[in-house]
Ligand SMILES: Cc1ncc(COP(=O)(O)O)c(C=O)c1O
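Shown below, as structure tokens, is a lone chain in the form predicted on its own; questions about how it binds or moves come after it.
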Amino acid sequence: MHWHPDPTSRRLHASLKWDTYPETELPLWVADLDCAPPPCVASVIQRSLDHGVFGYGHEPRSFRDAWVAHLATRHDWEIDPDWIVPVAGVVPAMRLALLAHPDIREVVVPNLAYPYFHAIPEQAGLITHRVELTQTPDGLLPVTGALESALNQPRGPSALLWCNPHNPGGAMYSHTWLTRALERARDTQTLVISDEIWADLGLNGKPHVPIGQLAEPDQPTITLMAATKTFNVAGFPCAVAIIPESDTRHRFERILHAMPHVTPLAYQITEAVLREGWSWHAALIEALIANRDRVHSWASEHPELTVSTGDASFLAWIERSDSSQTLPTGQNRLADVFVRGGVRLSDGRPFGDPEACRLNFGCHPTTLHKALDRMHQVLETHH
């Protein structure tokens, strides 16, 4: 694995990360890595070009086998291959899961959370109940009693839309916490939908616990996973919904009619990285740890900020510390402060905190160094 030697050249290829904002801004926002994926991806694409026919396709049986082997090997989760439903992306799967259950009118979501956790229920006209999170050394975690309180609020069929590992903040939920959440969901007859796209990006050696692994087979759970984030192949949308309970699975399968399907190339690329991408992955984790440590070092120089990276992901969540008296608020949000310094981070508003921001350290160390230096300089002007 190597960082792209000239990441600014990504502007030549309609990159969302690099091409959305002015060239004067270093983009450390959307969760996109500045590196090529494992070499097996190029091999798959070349074989497809050599074949030269790009018609309709279907799911290869070997694709499902690759996921079964991956979950058993990496996450100690033995699943029935029939539990797998392929879908073109984790975010679409979140929305499809709710569409498949039109009786659900209320949804419990974390706050703070990746913006789609708020946007999807809102677009569907659903009532949301938010589980407030607070920043801890392990990432953003629920306030004591907040989950139980939120799950008790719906008056009819409801869903728990969760994120594990969490985005933002990188928290990996423990076996104990997930078991308790499942028990409360069962008691309140709540469908559990868990976005676990960050499952293979742990940086501290802490094991990921899939929520579906802990549920009883008859409890309705939908565990959503993908290799696209881990191996930087988001341009080939492919995810899996792992649904052990048959009625929930059949509902999900029915709603997929007339919806976008996974393309043959996306199937092949996902299977290839799950089987052949792990030496590349080991190098990526090592590089991300080095960048993460650089962010922590920078944060130690800025006690006016609280910076969390948690256990998984290549994203840092940045808030003002309780003792901060120097940073502007209101119209001068933290993300705006850094934009004026020439660094584009993800604004915290869509996540649920307009005064915070999210930094993507999945980039070339030189890019990260330049960005942190610019951020340091702009913070110094407020002292």
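Position 1 is the first residue in the sequence shown; the rest follow in order. Every value quoted in this text rests on a predicted model; they were computed, and no experiment measured them.
Keep in mind that the form predicted in complex with the ligand is missing from the display, and what follows is about it.
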So, in the predicted complex, is N167 in contact with the ligand at a 4.5 angstroms heavy atom limit? yes
Examine L265 and determine whether its closest non-hydrogen atom to the ligand in the predicted complex is within 4.5 angstroms. no
Is V339 close to the ligand in the predicted complex, meaning a heavy atom pair under 4.5 Å apart or at it? no
Would V91 count as a contact of the ligand in the predicted complex, using a 4.5 angstroms cut-off between non-hydrogen atoms? yes
Choose from 267 to 275, 207 to 215, 72 to 80, 193 to 201 the stretch whose residues reach within 4.5 Å of the ligand in the predicted complex, heavy atoms counted. 193 to 201
Counting only heavy atoms and a 4.5 Å cut-off, does the ligand in the predicted complex sit next to every one of Y114, C163 and K229? yes
Taking 4.5 Å between heavy atoms as the contact cutoff, choose which of A31, A66, C35, C40 touches the ligand in the predicted complex. A31
